[in-house]
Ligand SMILES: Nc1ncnc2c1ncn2[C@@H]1O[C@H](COP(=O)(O)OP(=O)(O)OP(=O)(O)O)[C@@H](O)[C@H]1O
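Next comes just one chain, in structure tokens: the form predicted alone.
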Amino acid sequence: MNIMNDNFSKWGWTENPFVLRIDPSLFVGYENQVKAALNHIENKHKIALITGRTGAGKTTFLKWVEKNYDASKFYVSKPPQKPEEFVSLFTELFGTSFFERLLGQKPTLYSLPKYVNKKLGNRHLVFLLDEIHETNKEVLEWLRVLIDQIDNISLVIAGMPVVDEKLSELQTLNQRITTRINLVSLDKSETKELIKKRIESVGGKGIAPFTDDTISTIYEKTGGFPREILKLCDRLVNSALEKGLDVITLKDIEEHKEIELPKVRVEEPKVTFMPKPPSDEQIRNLPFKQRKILKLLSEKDWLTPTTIVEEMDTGSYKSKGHAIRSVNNILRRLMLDGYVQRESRGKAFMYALTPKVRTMFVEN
């Protein structure tokens, strides 16, 4: 056992329970959404769409269905970038018989439905396709064609809310989606259950070293986003280990720095945690460029200033260098005002919306 695991052992843990990893056995919450997905599959409906921001739990949701639903399942973590890739996906799933290999018979994109129908027979296949927002309209249109022509298949696709924009331009596919599920965030009791389940999975008991009040504050600070909950718990646990604490209290949360604030305005009081979340009206009243950056970060998490500039219209700037410097200044302002958070990754700083602001964009 290494030194770090020895430290965790004081709580009865074999390892850190808050490492970011996909584990369907630790899935909690979203009861109504789970019921909707299972109802879609049991009734053999064709297409379901699951949307949610980064960190809302879409992949864990799909992996939970894959593990717990008693039927033939086919999970694909990334969508094809070319329609022809569907052929290799399904031939790898079903394989080819000796005679098919002997005769060199391999389905084409056009004969693929016949091939899948023959392989399936009367069996029902649940096709789980993740990160659907990362593909293109041609692949999405072919996906609709294939699902239309394959008899015993239920498709469950998951992606960021931006996928709705692509689907709005593909009405034939959009109209075939019979179940729409939105993963927003966990409530307070589900947040506690997530933390408890994680702790007990590594040998701990209950929610120790956290208290009920601490967990309530964790919920408030993270907005109930599963990934943000795990990240904050991880930071608090490691901070407690460094300080030799046995219990993590509200005082420890208040002293914990979520972000390292830049030394821009030395006359301002020291900020020890995230500022009070802004209101909807405050966001609407922001200058255009600030609102534009927030909109970009609501669609794609953790962007560098350079990436943000590349996504924006920089015609009003003298050069790309001027644009990057301007965006950097805007991001610092937004961070000080509690709209965005920052993390250092390698040599670059990356920015994302704070959990509370992200929730506001989801709700709107």
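Model, not experiment: these values are computed from the prediction. Note that residue numbering follows the sequence shown and begins at 1.
There is another form of this protein, the form predicted together with the ligand, and it is not shown here; the text below is about that form.
**OP:** Quick one: from 124, 180, 166, 227, grab the residue that has a heavy atom within 4.5 Å of the ligand in the predicted complex.
**Re:** The option sitting close enough to the partner is 227.
Original post:
Which of 36, 296, 336, 26 has a heavy atom within 4.5 Å of the ligand in the predicted complex?
Top reply: The option sitting close enough to the partner is 26.
Subject >> Close approach of residue 56 to the ligand in the predicted complex, 4.5 Å, heavy atom >> reply: The answer is yes: residue 56 has a heavy atom within 4.5 Å of the ligand.
Original post:
Would residue 22 sit within 4.5 Å of the ligand in the predicted complex, counting heavy atoms only?
Top reply: Output for residue 22 is yes: heavy atoms within 4.5 Å of the ligand.
Original post:
If you check in the predicted complex, is residue 192 within 4.5 Å of the ligand, heavy atoms only?
Top reply: Taking the distances in the predicted complex, the answer for residue 192 is no, it never comes within 4.5 Å of the ligand.
Original post:
Looking at the partner-bound form in the predicted complex, is residue 160 within 4.5 Å of the ligand by any heavy atom?
Top reply: Close contact exists here: in the predicted complex, residue 160 approaches the ligand to within 4.5 Å, heavy atoms only.
Subject >> Among 65 to 73, 46 to 54, 319 to 327, 301 to 309, the region lying within 4.5 Å of the ligand in the predicted complex by heavy atom distance >> reply: Among the listed stretches, the partner-contacting one is 46 to 54.
Original post:
Among 16, 210 and 236, does every residue place a heavy atom within 4.5 Å of the ligand in the predicted complex?
Top reply: No, the whole trio is out of contact, none within 4.5 Å by any heavy atom.
Original post:
Mind listing which residues of 116 to 150 have a heavy atom within 4.5 Å of the ligand in the predicted complex?
Top reply: The stretch touches the partner through 131 alone.
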